[in-house]
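First comes one chain, alone, set out as structure tokens in the form predicted on its own.
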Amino acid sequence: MELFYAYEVSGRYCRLDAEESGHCVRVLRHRSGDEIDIIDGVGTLYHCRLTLDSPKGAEAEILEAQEGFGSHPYHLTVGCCPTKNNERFEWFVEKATELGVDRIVPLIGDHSERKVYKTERASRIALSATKQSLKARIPEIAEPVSVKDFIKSCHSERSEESLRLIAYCFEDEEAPRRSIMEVLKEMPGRPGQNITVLIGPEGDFSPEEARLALESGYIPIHLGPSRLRTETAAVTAVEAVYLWSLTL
């Protein structure tokens, strides 16, 4: 199944940008009259008939719309500190998108080696992974924010529909870490449940960041006995939520 992304959906028509049009017309050699499938990036799949086969701006008439295509029964935000090696973080973005994530927030922590992160390339990777994994919603790649500011911004949003988790490596006798699967299994599954997971940098979260998270309602978790790289830990957390959802 080939999927294309429409930058504009208006009335009965979808319009592709130059890159998507070139792939559709030049590479895959689709012509006017061919039926193709297009996503809008926010959850809907359109089965269409190509009406303009321009490689610079193709257009297609909508024949049928399917909302919630490739969706999952939760809303997952992963706040993750970008790695020193950009390719490792981009690998996480790709794999998290394939599994199912709604928002990725690059976090700048007290111990982060990378203090600046540009999101343009990650957004393109997320789009490609969305189409490859047969989904219609492209995850948001937020602008970078400090760990402490992100936690503070969420402080007033506590509700029974939200689950907040923070993974770090050190032990705290007052707040012992629990397995992510154990915590997830205790949560009643509800459609649209909001889940947030924080993953620290190579140097881990600082004690001050962890304390602020716990004061804001985050549950301390671990991802098993192995010591994982940042990007591996982030993908493991996304996969844990994905597998948990299959049991609902």
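Please read all numbers here as calculations on a predicted model, not as lab measurements. We number the residues from 1 along the sequence you see.
As for the form predicted in complex with another copy of the chain, it is not shown, yet the points below apply to it.
- In the predicted bound form, no heavy atom of S21 sits within 4.5 Å of another copy of the chain.
- Though the partner is left out of this view, L99 does reach within 4.5 Å of another copy of the chain in the predicted bound form, counting heavy atoms only.
- Taking non-hydrogen atoms only, I180 approaches another copy of the chain to within 4.5 angstroms in the predicted bound form.
- Put simply, S153 is far from another copy of the chain in the predicted bound form: not one heavy atom of it is within 4.5 Å.
- Remark: of stretches 163-171, 90-98, 76-84, 107-115, the one touching another copy of the chain in the predicted bound form is 90-98 (heavy atom within 4.5 Å).
- At a distance of at most 4.5 angstroms from another copy of the chain in the predicted bound form, none of the three residues Y13, V25 and D37 contributes a non-hydrogen atom.
- Of the residues R190, K56, R211, K185, just one reaches another copy of the chain in the predicted bound form with a heavy atom at 4.5 Å or closer; this is K185.
- Applying a 4.5 Å heavy atom cutoff to another copy of the chain in the predicted bound form picks out no residue from 35-58.
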